[in-house]
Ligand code: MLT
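Take a look at this single chain, the form predicted alone, given in structure tokens.
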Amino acid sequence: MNTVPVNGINLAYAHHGEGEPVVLIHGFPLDHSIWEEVVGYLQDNCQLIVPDLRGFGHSSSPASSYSLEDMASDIAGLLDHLGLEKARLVGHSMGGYIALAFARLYPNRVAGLVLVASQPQGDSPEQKKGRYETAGRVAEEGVNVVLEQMLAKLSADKGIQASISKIITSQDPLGVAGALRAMAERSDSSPVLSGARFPILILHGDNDQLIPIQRAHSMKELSNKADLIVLEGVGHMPMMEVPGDLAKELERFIFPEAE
């Protein structure tokens, strides 16, 4: 992992391959390692930038509150550090929220947007309250709070659950709580999709227990720039459940002329 100072934090990232730049943004409460198998499929054909978001993995955890826009700004700072004006962004779950925030803040820096098991809507008042309550419990009791709440919903595969459990329990409670609060305060990003001038790909498993497949169909209707690929029998973690299939769809999106 490399590290770069950006926006008052140390942002860790992995950098693989050369060519078309693609940023793989992990979901909550995970880190860059969820993309390892996908990286193996794609690194010979494009440049992959795989950060640990602030508060996760090897990146530092700010003590003060922050927003998803701040996390998107971290990605912009990373691209600046690498001398990249534009990139394709691939965001998983919370990573999709951050990719949408990036597209809202820096639309001219987005070469394409891929949303994996994600959605554009903000939280309902009840969901927002629940996130703040969970953040408080994480601060007091540790990350096992979210592990118990989320593990079975992330994937039905026991082997993948074991891998995810190791990733979650290695996270800093400060970062996990901070991300929960940031997600609670996020705005509706539907206008980003409806007004997009860049291509969009929606990848969603039809067995996703956290974000129902109906959300993906609703997203598709927001933009004539969007294509939807439904991954049959797949849950919330397609990059770990079907990495080869996911990589194939990403490659088609990155290199449409090869079709």
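The first residue of the shown sequence is 1; numbering continues from there. These numbers were taken from a predicted model, which means no experiment stands behind them.
The same protein has a further form, the form predicted together with D-malate (MLT), not shown here; the description that follows concerns it.
J.: Hey, of 23-31, 191-199, 41-49, 66-74, which bit sits against D-malate (MLT) in the model of the complex at 4.5 Å between non-hydrogen atoms?
T.: Result for this chain: 23-31.
J.: Is there a non-hydrogen atom of M183 within 4.5 angstroms of a non-hydrogen atom of D-malate (MLT) in the model of the complex?
T.: M183: contacts D-malate (MLT) in the model of the complex.
J.: Since only the chain is shown here, I'm wondering whether M150 would be in contact with D-malate (MLT) in the model of the complex (any heavy atom pair within 4.5 Å).
T.: Yes, contact at 4.5 Å.
J.: Check F102 for me: does it contact D-malate (MLT) in the model of the complex (non-hydrogen atoms, 4.5 angstroms)?
T.: Judged by the heavy-atom cut-off of 4.5 Å, F102 is well away from D-malate (MLT) in the model of the complex.
J.: Mark R137 yes when one of its heavy atoms lies within 4.5 Å of a heavy atom of D-malate (MLT) in the model of the complex, and no otherwise.
T.: No, no contact at 4.5 Å.
J.: Exactly one residue in M94, I164, V110, V176 has a non-hydrogen atom within 4.5 Å of D-malate (MLT) in the model of the complex; which is it?
T.: Answer to the contact question: M94.
J.: Looking at I213, L228, L222, L210 here, can you tell me which has any non-hydrogen atom within 4.5 angstroms of D-malate (MLT) in the model of the complex?
T.: It is L210 that has a heavy atom within 4.5 Å of the partner.
J.: Though the partner is not shown here, which residues of 220-252 have a heavy atom within 4.5 Å of D-malate (MLT) in the model of the complex?
T.: Just H236.
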